[in-house]
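In the form predicted alone, a lone chain appears below as structure tokens.
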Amino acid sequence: MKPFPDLQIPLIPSAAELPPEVSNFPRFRFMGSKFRLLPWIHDTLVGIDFETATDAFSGSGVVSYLLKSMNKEVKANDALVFPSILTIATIANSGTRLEGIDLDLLLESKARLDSERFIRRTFEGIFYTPAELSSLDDLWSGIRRLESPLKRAVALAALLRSAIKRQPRGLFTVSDPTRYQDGRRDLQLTIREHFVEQVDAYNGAVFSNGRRNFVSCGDVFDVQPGSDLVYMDPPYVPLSDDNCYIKRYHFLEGLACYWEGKELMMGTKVRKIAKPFTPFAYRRTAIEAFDKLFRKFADSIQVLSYSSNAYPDLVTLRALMGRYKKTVEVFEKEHRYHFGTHDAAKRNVVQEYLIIGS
């Protein structure tokens, strides 16, 4: 028996019913990505009356992109730098693309100063071959020379997606660059070849929805309230394993800002970045964090994306949201996460929830 017999469970539409722009989104391999859930999320949101939306934990940016495609005014926020770069390139950016002359500049650039060879020097023997590490330095050298902040964001987004596609499992936890070489096309292309393709992909993702869309990078509790709707997909406290994004994506986080202002842990095998604290990641602080989150956005329609394999449970979250919203509905869908490319990466089937307070 379901815990709430009055739940509304919407039908899942075909992908053709999504806004056409969604098909241009450059899918990013990201833990917990909602890419495959977009039809269900869209079908749920389309029945809600709202004009402005905040994506408070934007991650790969795919839900922000959906909201933009639905012609909403979007504010996207994430605590990490690299997701913010992805959303600047696709959400805040309404018309700026890299031209042929820009791509030529990027591909012809060479890291000449010692400070511009940080990646080759720091990650030798880790993740990539020496030539690939040098390519990352060279491309970053060219990105510095782009005058437009939006062009730099498009170029960095392309570089980030190139870096993760060149990683066999889409993770940065195993240092040996020769492991998991299974002949896939992504592993045969060089970083530079990937970069050319990804520039084209991010150029193709740029569009205007006639709204002024914004991106911020910071703590969710520093985000200004006021949007009609707030979509929240915070880190889960999983029942097993962990939810540490920095452990898996520290290289991308450093690459997004060339490690400026990041505490590099040189004593670790893969040169990790120090993990920032988030109260959503620990049982002892998660419930209080959710209560604070719901209270902060009490004047907005709240849409919480959550999973049955996480803590707190659905009953607790519904009760917490109910402190601040008159009506709390739960929509659910059976879902299986596939993360990585190996068989062990296939997770058990879970119930995915959209908990909506109005």
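These numbers come from a predicted model, not from an experiment. Residues carry their position along the shown sequence, with the first being 1.
Separately, the form predicted together with a small molecule exists; it is not shown, and the next lines address it.
- Checking Ala256, Ala79, Leu133, Leu98 for any heavy atom within 4.5 Å of the small molecule in the predicted bound form turns up a single hit: Ala79.
- Screening Val62, Val330, Met321, Ala310 for any heavy atom within 4.5 Å of the small molecule in the predicted bound form leaves a single hit, Val62.
- The small molecule in the predicted bound form is approached by Asp219, whose closest heavy atom lies within 4.5 angstroms of it.
- Put simply, Tyr231 is close to the small molecule in the predicted bound form: some heavy atom of it is within 4.5 Å.
- Proximity of Tyr245 to the small molecule in the predicted bound form falls within the 4.5 Å heavy atom cutoff.
- Contact check for Ala53: no non-hydrogen atom falls within 4.5 Å of the small molecule in the predicted bound form.
- Of the candidate stretches 118-126, 148-156, 275-283, 189-197, only 275-283 has residues with heavy atoms within 4.5 Å of the small molecule in the predicted bound form.
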